[in-house]
Each structure stands twice: as C-alpha cells, then as structure tokens.
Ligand SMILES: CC(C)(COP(=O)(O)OP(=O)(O)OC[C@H]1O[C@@H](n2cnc3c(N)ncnc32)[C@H](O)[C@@H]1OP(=O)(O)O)[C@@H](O)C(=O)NCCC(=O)NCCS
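This document opens with one chain alone, in structure tokens, the form predicted on its own.
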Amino acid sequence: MRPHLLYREPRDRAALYAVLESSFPGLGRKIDAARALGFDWDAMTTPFVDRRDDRVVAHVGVLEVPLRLDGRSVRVGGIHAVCTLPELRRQGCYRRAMERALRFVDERWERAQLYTSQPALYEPFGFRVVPTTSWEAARPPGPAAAVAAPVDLEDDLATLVEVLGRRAPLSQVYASVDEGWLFGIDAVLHTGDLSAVRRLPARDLFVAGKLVGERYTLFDVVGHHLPAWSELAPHLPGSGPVTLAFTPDRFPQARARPLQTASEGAYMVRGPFELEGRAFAVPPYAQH
C-alpha cells in the first residue's frame, strides 16, 4: 500500500510529525524503528488533518483493521493517533479533523473502534465504551521447560514476519487478523523494539507479553497453529498463574477464570457491536 500524499510530501510530513510528537513524545522515533523492521505506519494509515495558515495543526488517523469478531471475518475503521497542537486545542481543530475522518469511515465500514484514556472526547461523535476483561490461567503441573527466548532479529525476524502473515486467529471472539503490520507497529510502540516478543524453542511459534516480578501477562500467541495450553505454558517466563490479555476461547484446557474488568484505557465502538454485555478482551498488540 502506497503512503498517503501527506506522508510523501516532506514539508507536510514534518508538520504532521510535529503534531504527533506534541501529544505522543517519542512517537516519531518509534515509527521509524518499526519501519526499519518492516512494519510501516505511513503505508497503513490514512491521515485526516486540520490546518491553520496552511500548517497541519490537528490529526486523526484511520486504519482498516481486519478482525475475527464473534466467529466472523469483518473489517472495521480504526481511529488512532488523535492529537492537536497544545496551543490550538479547544478551537475546533480536532472536531473538524474527526468529522472528515468519520465521513471516510462511514463510506466504507459499518463499525469503527478506538482505544483511549479519554473517552469523553469521543462520546459526542457516537462512540461508546464497551468494557473489556482479562483472565488468569494456572500453569499445568510438570517438569520445567526451556523458557521462550527473546527474538533475535538476525535469526528470527523473517520467520516472525512469515508466521504473522499466515497466523491462526488468537480468538474466534475478538482478534485482529492483520498480516502483521498492526502487531509489529504496536510491539515497537510499546517498548521501542521487539524485546517483548519471544520465540519458543524449535517451533515457528512466538509469544508476546510482559513480566513483572514473577507474574507474566501474555499478550499474544502467534503461530500457523495454536498449541495446547499444556504445550505453551511451560515455556512462558515467570512462575505462578499467567494473566491472559486476550479472550481464551481457543485455549479451553487453560480453564481460565475472568479477572476484574480491564482498567488500562477504554475500548470504544461506533455502530453495531456483537460483544456488548459479553466477556472479551482487546489484546494489547491489536489496540491502536
């Protein structure tokens, strides 16, 4: 996919990155780092902007996100990277950019989604919060196994990209089934690199997650086929129960129990959404 004209024109691109940096410090560096690994932000997003004196001062990005949603394959409009220069906030710049973005979305998809820590900004545009959940699963008894090692870019990156392109859906309830670009961009946006991604020994199978103390939170499992929980869990870092940041319907053997509603950010939708009132998760590397 060819980048939008705004990203191809150097002056506009520089102005747009200045707006992004004003709200998300370090974002430009991380976008460049993701691109160097083959995950190109510029090629995947459609920017909608507001201008002041021909200068970009506000931005709303739109992504086409393919999902596995309630057992069906659907595509949704994903709103992301919403920002305005601080000195021009509360002057209608964000509203004008958002209105342009939503006209584009409404012509193409019946649903839109976003993830935010400020839901009140989006409610006037028809977005509503849908609560999400996380789960906890016990590690199965048995002997210790080799812990999945952090990816080695020289040895593992090509395999990771190939597996992402033909991955099995993480969930039939809710999962992004992009060809790897969203996973890769989000991974780099979270940590600045792919250090949270690990490869299981002797398998074309990858996991992503976060270890705090001895508690491991599993964000994602990437493989052509998903393993049984008894095959996967012994290779995860840490000890004790594992927090699952995705809907575990494809890991029935884990016998996961739901935890309290997830609290880091709010998932919002616009339009029909089949999962309201049901327990589900939006995996961290499927957020935008």
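Start at 1 with the first residue shown and count on from there. For clarity, every value in this text was computed on a predicted model and none was experimentally measured.
Although it is not shown, the form predicted together with this ligand is what the next lines describe.
S.K.: Out of Arg198, Arg95, Arg139, Lys210, which one falls within 4.5 Å of this ligand in the predicted complex, going by heavy atoms?
M.R.: Answer to the contact question: Arg95.
S.K.: Report the residue, out of Leu121, Val129, Ala149, Leu157, that has at least one non-hydrogen atom within 4.5 angstroms of this ligand in the predicted complex.
M.R.: When this ligand is considered in the predicted complex, the option within 4.5 Å is Leu121.
S.K.: Heavy atom to heavy atom, is Ser134 within 4.5 Å of this ligand in the predicted complex?
M.R.: Outside the cut-off, so no.
S.K.: Arg89 versus this ligand, in the predicted complex: is there a non-hydrogen atom within 4.5 Å?
M.R.: Result yes; Arg89 sits at the interface with this ligand in the predicted complex.
S.K.: Does at least one non-hydrogen atom of Cys83 fall within 4.5 angstroms of this ligand in the predicted complex?
M.R.: Flag for Cys83 set to yes.
S.K.: So in the predicted complex, does Thr116 come within 4.5 Å of this ligand, heavy atom to heavy atom?
M.R.: Output for Thr116 is yes: heavy atoms within 4.5 Å of this ligand.
S.K.: Tell me which stretch of 39-47, 224-232, 23-31, 239-247 has a heavy atom within 4.5 angstroms of this ligand in the predicted complex.
M.R.: The contacting stretch is 23-31.
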